[in-house]
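First structure 1, then structure 2: two forms of the same chain, each alone, as structure tokens.
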Structure 1
């Protein structure tokens, strides 16, 4: 059975074969039926390949290994192995509170290419920075981290709902008026500037 990527590859090969055939044998488009085939081969199939390729790349970009393949993101990937339960991303990643294969996407899925149209343009800006001007030495998150990314998993969970601190500020958390990662709460996130002085967890092979 072909998977989605296998189907896409087969479609690309078919498109190229038909386009090459039409290029080598222009008389093959003499009849009305042949022109329809030519239109499909030269316009419809390439559009399907483009759409399928874009979709496949978006799915691939959700993988943790895709995010951490960028040099600028490697310290953030390394921070997932910090041996300290106070490091929120590390604790979630190591204890499989989120799928480790898509750890970055699980917590950052509401902006850049995964967010609104405005966010997608911001994502394109980041692509430009990565490949043209070069990433900054210190990456700073623009805007405010939405509590919705936390609450979509934690809301309804017993240990969250029965926590008296959470109960006292439940409405502020739901509206993001107070951030989950604000000072005094879960405020140790990636903290990549301190990595050289920390102990790391090594998963069993």
Structure 2
């Protein structure tokens, strides 16, 4: 109800009130108490609000609705509702194998220490493409999809490890020599060009 974002908003409002007070009545140089209030209101609290703001925006950018708020990404969001278990993102999203509210981020983030930050900067590039250069007609995945993003959850899972096909190519999968999604095994991913001919799942409200 009153989560971290509520606390941040309350902190921003408090800081604004204190800074406004100092604008109307700037402290005289002599009073130590007033100097401490000024230090808190014009240094400590704004720095906290700044850090909190960056953190809140990074959390926002992980949300599925944030990714699909760009027009060019809407077909990819729609593909999560395809009524076909062969569609890998749809099957993961609909069966809650990944948290649906952060579905895009779960499979499209580099799971390193700086993964979130790296993705945020990649996101800025996408904002530039959306508003300045314009999105291309066919959106292509930049670079190569790492198996690590699949293995992060599947490695160690019984049905994955006991599958004879996976056992035979385990080292190639771990080193990404063979791709999970483009080596002919799980190759039906978003496939947005076919969306107009597919049936969609409607979640119960």
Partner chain sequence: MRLVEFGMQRLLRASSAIIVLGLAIELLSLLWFHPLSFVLFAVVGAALIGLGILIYLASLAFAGTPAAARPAGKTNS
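Since this is a predicted model, take the numbers as computed values, not measurements. Between two forms, the rigid core is the largest collection of C-alphas that superpose within 1.5 Å. Residue numbers count along the first chain shown, from 1.
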item	value
Form predicted alone - structure 1 or 2	1
Is_shifted residue 135 between structure 1 and structure 2 (CA, 2 Å cut-off, rigid core)	yes
Rigid core superposition, residue 37 Cα moves 2 angstroms or more between structure 1 and structure 2	yes
